[in-house]
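Take a look at the structure tokens below, where one protein chain is shown in two forms, each on its own, as structure 1 and structure 2.
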Structure 1
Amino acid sequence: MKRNRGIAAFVVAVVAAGGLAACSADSSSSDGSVTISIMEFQQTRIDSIKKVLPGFEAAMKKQGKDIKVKLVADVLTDDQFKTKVTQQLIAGQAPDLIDMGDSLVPGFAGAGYLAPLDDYLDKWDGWDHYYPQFKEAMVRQDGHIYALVHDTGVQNLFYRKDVLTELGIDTSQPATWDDLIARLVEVKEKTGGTPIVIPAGTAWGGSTWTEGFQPILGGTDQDYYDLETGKWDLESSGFAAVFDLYSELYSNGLLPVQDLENPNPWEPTKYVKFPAGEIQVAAQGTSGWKFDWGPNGAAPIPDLTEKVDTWQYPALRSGDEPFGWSGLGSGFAIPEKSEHKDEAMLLAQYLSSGEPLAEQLVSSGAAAPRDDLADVKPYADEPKLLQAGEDLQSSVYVPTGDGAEQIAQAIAAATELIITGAADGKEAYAAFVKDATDLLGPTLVK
């Protein structure tokens, strides 16, 4: 497998800088018991994992296995987690099981730090319940799987059905972007506001690509990245089409461009204007039901499910059906140097099944990547998560690899040109191609 350049450079920096202390893995004790460790770095996940670990130890005892689990709970930012786990993997002292975002997996796997899980998954009956597109998406360039994804979500267009209904705007699923734009123009004429927020520009960082541009790109030519060759096709018709769409939204005055220039653009848009009904449509993932607008979210909307609903993305390619955009969330990975891979995998399988998985999904506001959770409480009591799970069956996802960070940087810069009025769609696309080509280098461009 080709070594991920981003992770390789990061590894060098961490080694040079020294840094955080690593966590030593426990080994077998004299009484025949085995203690393994699992690392979690987000408080919601820490709480849910802590709740279900006793059940794992009890289940193993029934099978005649004396396995104890140490939870390595350390609340960190994404960057702090990346730094810490990188050093631990380098030192060979990482916990036996690590819960990490999928974006980190290709780099760590390519650097040789993670153990392949294929043999375990082939023998596990739970593997048959995973949706095919996720099973396929977990496979890396060398043909192996290095992390068992346990949660996911669907990116949709959330809309204020209460406000749109009051304005007399059609709230049925838009069949095309032309249909949706016509409604948004009508909203603007009636309110004077900017009715839709889609991540754009440099202030939104990498999310301009992952939460803004890429989901729309899923409704165009989906061959913009070749997983086998690891190359990006910058001439894919999809890129130009999405830049043209951003330009059309901008030229019609539908995007909150001033807010998009805010250092934290999600705050005035998703945390103020959408809850107030001043922005009526927002691109958002499944977790928005809990972490953005739920009762304990950043900006709670009272009677949320009565006031808010979701549309799927209209396709940009003529004749295609509307779709949800899905992505791999977090997955359980086992370090190559772990002394207890078998026991760690048993824990990963337990946490990715039945009630233990249901507890985690509800805690994190995520959807199940498998088809047998609909009747399992507490997940069964979450209608919006269940709907997201159903949407996953027909969702679109294009796995990518090396170069995604560079693509994200170039997309952010090019959409910045649009929302500042410095370029139209065609000009922004040309700027993107030049920038992305320079950033990726010749080995990653088709």
Structure 2
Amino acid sequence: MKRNRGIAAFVVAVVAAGGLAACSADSSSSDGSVTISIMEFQQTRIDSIKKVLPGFEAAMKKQGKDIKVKLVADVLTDDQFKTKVTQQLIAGQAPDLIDMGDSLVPGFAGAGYLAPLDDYLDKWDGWDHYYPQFKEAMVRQDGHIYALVHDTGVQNLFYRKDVLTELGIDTSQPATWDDLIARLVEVKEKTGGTPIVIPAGTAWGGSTWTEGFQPILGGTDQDYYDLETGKWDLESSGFAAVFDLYSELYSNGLLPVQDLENPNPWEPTKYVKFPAGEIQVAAQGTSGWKFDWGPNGAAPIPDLTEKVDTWQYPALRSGDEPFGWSGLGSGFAIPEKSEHKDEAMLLAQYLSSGEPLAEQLVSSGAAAPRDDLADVKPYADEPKLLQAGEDLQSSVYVPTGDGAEQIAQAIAAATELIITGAADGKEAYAAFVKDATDLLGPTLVK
């Protein structure tokens, strides 16, 4: 009996010691080296980061810093990533550097989960090469920068040049949505299909707002959010106009309604029907050239640049001009609770410069947010990405802040009413205003 008790006590002691050791594990080792972690959740980014990390460790060694990097590679959807990283940030267990979509930054920064980067950026010579409009767009509602944007892009309408030409449809830039709708109706009459996909409904998650609704809204109305007061103007005139546009596309039978309600709506639309030429027009960012339809993309289109081209968004209302929507893409953010902020920032700066950045831009299909990348290979060999970089200068962007997630939620729900036939544009707009007002609360609504 005594022997059994002894064994039991030993086992308990070992387990307890192991648990405590695990809890207190420090990423600084006794030899002076520091191990930091970086999180990536898209396979193409994982692959490109893997290639450049050894270069960072070598570069740091040259500077006398022994920094090792652990890549936390976790392939997730956008929603899964957000759910996971939110829990990690709250628990203080997030990796030291997180590569996240810029649309997540206001919510995380607002909650105090991210460290402000202003002091680091002021001392970094690479910061001078960032285009001024991006520097400005990175500033959040409280005047600080919380994520170093490393890739950008232009959201346009990608169209199947080959299919439309074969159908005898005009492929010149449509001046207005009326022009474009007339062409799409013609396509529908000839093919019987649904010729255009724009993110809509709840299945597309936050992208219904960021990649569907907001780019069209921003081209006709830039007063829907005031960065100074941090308030949303739900009565801003563009909202009703864009809901009417969605409604018109739906009532003309131009949207692939059933596919938009698929749990992964981008798959039947962007990854099956657009590559097959059955959907001829898709709202899409620069990443379409690589991440979606490039040779190593999710659904490669052979001879992509010959078969596909882009239009700017047509003008929605009288007096508007066609435009491209500038997206901030992804940025590197450091959790406020990270114990290795300095080292993580060194990694962020390394990955946002020169060849490491060029490598990532090409693999994910993005344009550079800085002016010194045009000659850096492999980015220099990508004419479509270079063109996107130039187009960024003239594209539209409306920075927003706290409440963007609630707006995204209300827009998704209201556009869902349209694509399920439950509401027309006016009714969907009314539902949006009610929902958004409830969700935002009195402090965030003008």
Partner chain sequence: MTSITDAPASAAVGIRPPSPKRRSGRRTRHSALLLLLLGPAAVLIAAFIVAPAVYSVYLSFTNTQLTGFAARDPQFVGFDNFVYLLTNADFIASIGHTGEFVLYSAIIGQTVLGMVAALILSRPWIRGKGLYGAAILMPMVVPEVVASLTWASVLSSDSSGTLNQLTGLFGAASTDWLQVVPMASIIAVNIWRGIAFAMIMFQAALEDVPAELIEAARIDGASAVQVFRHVTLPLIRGPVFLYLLLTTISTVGAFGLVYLLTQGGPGGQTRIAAIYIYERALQFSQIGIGSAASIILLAIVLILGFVYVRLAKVEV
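Rigid core (definition): largest C-alpha set, two forms, superposition within 1.5 Å. All values derive from a computational prediction rather than experimental measurement. By convention here, residues take numbers in order along the sequence of structure 1, the first being 1.
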Study note, to complete from the structure: Form predicted on its own: structure 1
**Study point:** Check: Thr210, Glu359 assigned to the same rigid part between the two structures
**Key:** no
Review point. Roughly speaking in whole degrees, what is the angle the smaller rigid part turns by between the two structures?
Key: 18
Study note, to complete from the structure: For Lys337, the CA shift between the two structures after fitting the core, in Å, is 8.1
Check your understanding: Keeping the rigid core fixed, what distance in angstrom separates the two C-alpha positions of Val105 between the two structures?
Key -> 3.6
